[in-house]
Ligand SMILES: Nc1ncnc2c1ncn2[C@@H]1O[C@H](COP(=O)(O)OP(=O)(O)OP(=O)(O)O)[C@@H](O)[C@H]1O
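Okay, here we've got a single chain as structure tokens, the form predicted on its own, with questions on binding and movement later.
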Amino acid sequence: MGSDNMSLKEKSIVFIGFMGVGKTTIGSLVAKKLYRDFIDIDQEIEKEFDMPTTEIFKTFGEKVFREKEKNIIDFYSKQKLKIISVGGGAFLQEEIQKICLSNCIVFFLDLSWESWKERINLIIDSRPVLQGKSLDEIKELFYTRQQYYMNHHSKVETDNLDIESVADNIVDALKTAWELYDEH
């Protein structure tokens, strides 16, 4: 059954945003609060290749990774009642944008550069796209990618909010939207 036959309540929810903004952490918490299955696309890709993302990039290259990413996102986006976290680079592919925006409800988790920069030491080793880049190059990448994230259904500012608050705000927004949808 295609997503065209799904009600708004049944549609899967996709989290997008720059690497390290909290898509997986927030997505898994929202999934628990809504009693839905959580899917981390990068983890699904790692399972298929039986290696971490950094190794997939080194061994097979980014093109192979992005093709697998698109196929897995396409598959899960057509499923009901999933919460999906996509990698920071996924939305650079126009085809993935179209798939997600037409099949799912897309939330952009937005974090300022200043707040994100405080997290860099926690994530840099596990992100192949950041390897060997200076802070200025990473900053340029951060701002370049922001334009791709502008294609979404809802934007959530996460600066100065704890994970629980962000998840609660998203759940509340969804419940309000579903109630309005039911009234029409």
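Numbering starts at 1 and follows the sequence shown. For clarity, every value in this text was computed on a predicted model and none was experimentally measured.
The next section is about a form of this same protein that is not shown, the form predicted in complex with this ligand.
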### Message
Considering non-hydrogen atoms and a 4.5 Å limit, does this ligand approach residue 172 in the predicted complex?
### Response
no
### Message
Under a 4.5 Å heavy atom criterion, is residue 119 part of the interface with this ligand in the predicted complex?
### Response
yes
### Query
If you check in the predicted complex, is residue 123 within 4.5 Å of this ligand, heavy atoms only?
yes
### Query
Does this ligand come within 4.5 Å of any heavy atom of residue 13 in the predicted complex?
no
### Message
Only counting heavy atoms and a 4.5 Å limit, does any residue of 14 to 29 reach this ligand in the predicted complex, and if so which ones?
### Response
18, 19, 20, 21, 22, 23, 24, 25, 26
